[in-house]
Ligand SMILES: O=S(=O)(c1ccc2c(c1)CN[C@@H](CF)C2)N1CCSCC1
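Okay, so here's just one chain, in structure tokens, the form predicted alone.
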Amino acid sequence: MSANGIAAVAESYQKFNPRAYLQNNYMPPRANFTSEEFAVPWKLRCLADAFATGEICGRTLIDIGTGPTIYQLLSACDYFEEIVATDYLEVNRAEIQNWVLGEDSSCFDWSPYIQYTCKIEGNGEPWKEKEQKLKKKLRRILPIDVHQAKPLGSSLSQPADALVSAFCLEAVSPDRPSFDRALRNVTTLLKPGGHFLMIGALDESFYLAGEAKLSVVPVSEADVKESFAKSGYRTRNFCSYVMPPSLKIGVDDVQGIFFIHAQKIA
């Protein structure tokens, strides 16, 4: 059943519209930077605080299922020599590549995100410097299939020091067993003792991205913690955010957001 379900998910994503997805989730009202009561500032705070510990660092960080977004990588800039973006869809990889190259004037404007991240990090870093730093460190943008035992094929010469993922595994898995297998698959990309920061949807069954209506496997806080434990992780931190009524805008049925910082047991 899972194999058929995974094939159906892959087919549904052929209609995925990156610009519609960005409009739905990364523009107001969800991207309101006046308060951490809004979804986007909450996510940026979780990431900034995790990296501020100084524990999550090394040579390589891999972003699992980057999609058309870069916000989840902003606070990682100072802690890794190389950041690898990955996505199943060529349209999403192209969106990231266009942002890195700065050749497409119609690219999504991430400057409010970068400015806000610099503000909450409190290091006095000019936002343009952070932007250029991330662009220089995003050296590779690779295809990935989290449902394969080797999600990156032969593209990875050695395990990464850390993984980041935002709204990927639950959104490409037709059921809990598929979610768990996908988590185990991507865990092979991480070295023992390495850190995994994941942001995802709580109790969501679908979201829209243009003409595409994408199914999501609903997971609870307990489900996420259990899946990470079964995949050989120790949870270091777990936070959740309840989606307020004002941000339930009809583009999905998400009830909340989770953030987990887990460490792979050596």
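Note that residue numbering begins at 1 and tracks the sequence as displayed. These numbers come from a predicted model, not from an experiment.
Although it is not shown, the form predicted in complex with this ligand is what the next lines describe.
**Study point:** Candidate spot R45, L47 and L197, all three touching this ligand in the predicted complex (heavy atom, 4.5 Å)
**Key:** The answer is no: none of the three residues contacts the partner (heavy atom, 4.5 Å cut-off).
Review point. Which single stretch, out of 34 to 42, 50 to 58, 219 to 227, 232 to 240, brings residue heavy atoms within 4.5 Å of this ligand in the predicted complex?
Key: Checking each option against the 4.5 Å cut-off leaves 34 to 42.
Point to revise | Proximity to this ligand in the predicted complex, single hit among F167, W99, F179, F80 (heavy atom within 4.5 Å) | key: Filtering the options by heavy-atom distance leaves F167.
Check your understanding: Taking 4.5 angstroms as the cut-off for heavy atoms, does A20 touch this ligand in the predicted complex?
Key -> Close contact is absent here: in the predicted complex, A20 is far from this ligand, nothing within 4.5 Å, heavy atoms only.
Check your understanding: Can you check whether L73 is within 4.5 Å of this ligand in the predicted complex, heavy atom basis?
Key -> No, no contact at 4.5 Å.
Practice item. Check whether A160 has any heavy atom within 4.5 Å of a heavy atom of this ligand in the predicted complex, and answer yes or no. Key: It does not: once this ligand is placed as it appears in the predicted complex, A160 has no heavy atom within 4.5 Å of it.
Review point. Any of the heavy atoms of L138 lying within 4.5 Å of this ligand in the predicted complex?
Key: Flag for L138 set to no.
Point to revise | Contacts with this ligand in the predicted complex - residues in 243 to 263 whose heavy atoms fall within 4.5 Å | key: Residues within 4.5 Å: M243, L247, D252, V254, I257.
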